[in-house]
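Quick heads-up: it's one chain on its own, the form predicted on its own, in structure tokens.
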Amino acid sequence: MDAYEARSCLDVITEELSEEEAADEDAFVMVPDSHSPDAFCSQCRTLTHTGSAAHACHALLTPAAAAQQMKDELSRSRSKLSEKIVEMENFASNLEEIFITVEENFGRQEQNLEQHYNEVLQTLSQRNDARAAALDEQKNRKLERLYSELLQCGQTLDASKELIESAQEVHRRQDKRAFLQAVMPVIKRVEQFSSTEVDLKLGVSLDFDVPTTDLSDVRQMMDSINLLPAPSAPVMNPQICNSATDTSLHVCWSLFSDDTVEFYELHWRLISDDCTMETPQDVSQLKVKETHCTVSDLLPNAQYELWVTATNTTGISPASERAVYMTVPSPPVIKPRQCVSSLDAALIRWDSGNTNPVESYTLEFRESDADGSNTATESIVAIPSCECLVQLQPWKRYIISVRAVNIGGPSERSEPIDVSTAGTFFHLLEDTAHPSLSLSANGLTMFYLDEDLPLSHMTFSDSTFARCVAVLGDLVPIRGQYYWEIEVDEDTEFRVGVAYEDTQRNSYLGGNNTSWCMRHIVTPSRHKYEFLHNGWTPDIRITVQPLRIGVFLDYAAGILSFYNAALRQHLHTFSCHFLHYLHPCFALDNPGALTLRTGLSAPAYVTCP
């Protein structure tokens, strides 16, 4: 039975135990027979009777409790066995990989040995042919020399025979006078021939000079036949948390066997939508001695595919399975102009700072004391989007930063932002402003210039006001208390108040049921003030013109109040149950300027009238 069959059997046992559990419990709660055991000895692990002398000093359990205890023990044993089976499965998987690697190494080693064998035989054959050719040339030289000496000897013999025949012919002459005349030249020739020494020694050695053969290269080839197997395929380790930065990856791998490795070669390439095919240009590689390496000069928040090979004197291993590592993101960028706060909360917004999406964000905040000391840092994790509403303590200052997180780990902290909960902080929303409005660099002053902008030069969107020259502000989306002030010139016609986010952009503030505002109108006779909602206003006369107006919004009390902040004078209060979150709204009905003052705590005459 293999590990997989064992696991199947365990699953079947578990199902059977689960199905029979209720039936077993019912069986144990049945009224027992007077002769049947009614207790279980936990020490002897056997059924017995209550009061049995043999088990008097032992701990006894009821059959139901004992059965439950045994079931728990069986469950724990099954869990341990399951863990063992998982280990065995992993070990079997490793053995399978090693088995395949051994087969591959054997094939490569066999091919390597055959190649070395053929190379040695080829070299020896070349050496043998060279020696045979040298011996054949030496034989030809010897035969030519012997043939030359043989010809010379034959010529000498022919000359000797001719001289002997001439002497015999002279010796046979009967005429003494003719004999004497002919004999002297013959005697001179014989004496001259006799005086010439004839070399009768063999001029050619019969022994052959056996040429020496240089077999050093063959010996080197024999020495190079290494019985060391080529390495098995390395195994890439999964990416370790916090092992990456935004431009580097720390990569680790291992071997299942004690292979001898001279060096590893790590390969990697970027994975992106624009890089779906592997080309030589986008694959980088690096040789290292250890089983780990840090790859640098990478892109932030990017996935890389990595694989590694091992090399020794015998050859190169198969490539490892390809692993995917990821660099951590770049730090986010907090947008101070879009961050708002109140007495007990803050809404922080930021840009991702990364081209590719990240998994989540972590917001970190700590209280900053007046003496400059910092308290412990708190964190909000797994934030899915680029904004977070954080609950804070009133009348405090906080240092807030953001990290981007992916599977590679968290990024470095963003540049921190200083947030105060001493009042209401917000800016004007430029994307809601009418095209005729201009906002200051700090986002707190709006200008309506004294020149008519042609309609063709105006750009409108779904969020911009099209009829009323207005702009919205942004509050923390919490139903709390908020206070802010505005400053205007005495001749400026304006509207200030609150409105729902979806208030109509083609109507005037206060002219619909989604906005509440205070309006100032300059007439030839006086300064007129209206408190408009749905186009209706009460008849209120204000004798002292307010140039610094305080606005107080209290969701819980359902009130929106206006004050002459310079005189601490209450002007008017709307009472309403606000169904949705409100936005401060500001409008200019004639050219002029309006300045917003935020970060103010609500005065006592406002909160406790």
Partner chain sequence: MVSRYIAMALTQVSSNKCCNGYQKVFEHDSSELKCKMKFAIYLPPKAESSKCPVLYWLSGLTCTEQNFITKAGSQQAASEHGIIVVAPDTSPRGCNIEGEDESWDFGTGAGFYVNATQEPWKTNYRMYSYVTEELPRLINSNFPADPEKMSISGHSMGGHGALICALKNPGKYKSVSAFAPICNPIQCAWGQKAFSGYLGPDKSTWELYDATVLAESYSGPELDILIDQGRDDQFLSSSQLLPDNLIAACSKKKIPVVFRLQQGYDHSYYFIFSFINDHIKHHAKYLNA
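Positions refer to the first chain, counted from 1. Everything numeric in this text was worked out from a predicted model, so none of it was measured.
Keep in mind the form predicted in complex with the partner chain is missing from the figure; the text below concerns it.
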Since only the chain is shown here, I'm wondering whether residue 548 would be in contact with the partner chain in the model of the complex (any heavy atom pair within 4.5 Å).
no
Residue 570 near the partner chain in the model of the complex, any heavy atom under 4.5 Å?
yes
Against the partner chain in the model of the complex, would residue 543 count as a contact residue? Criterion: heavy atoms within 4.5 Å.
yes
4.5 Å heavy atom contact, residue 536 to the partner chain in the model of the complex
yes
In the model of the complex, segment of 561-569, 40-48, 53-61, 580-588 with a heavy atom within 4.5 Å of the partner chain:
561-569
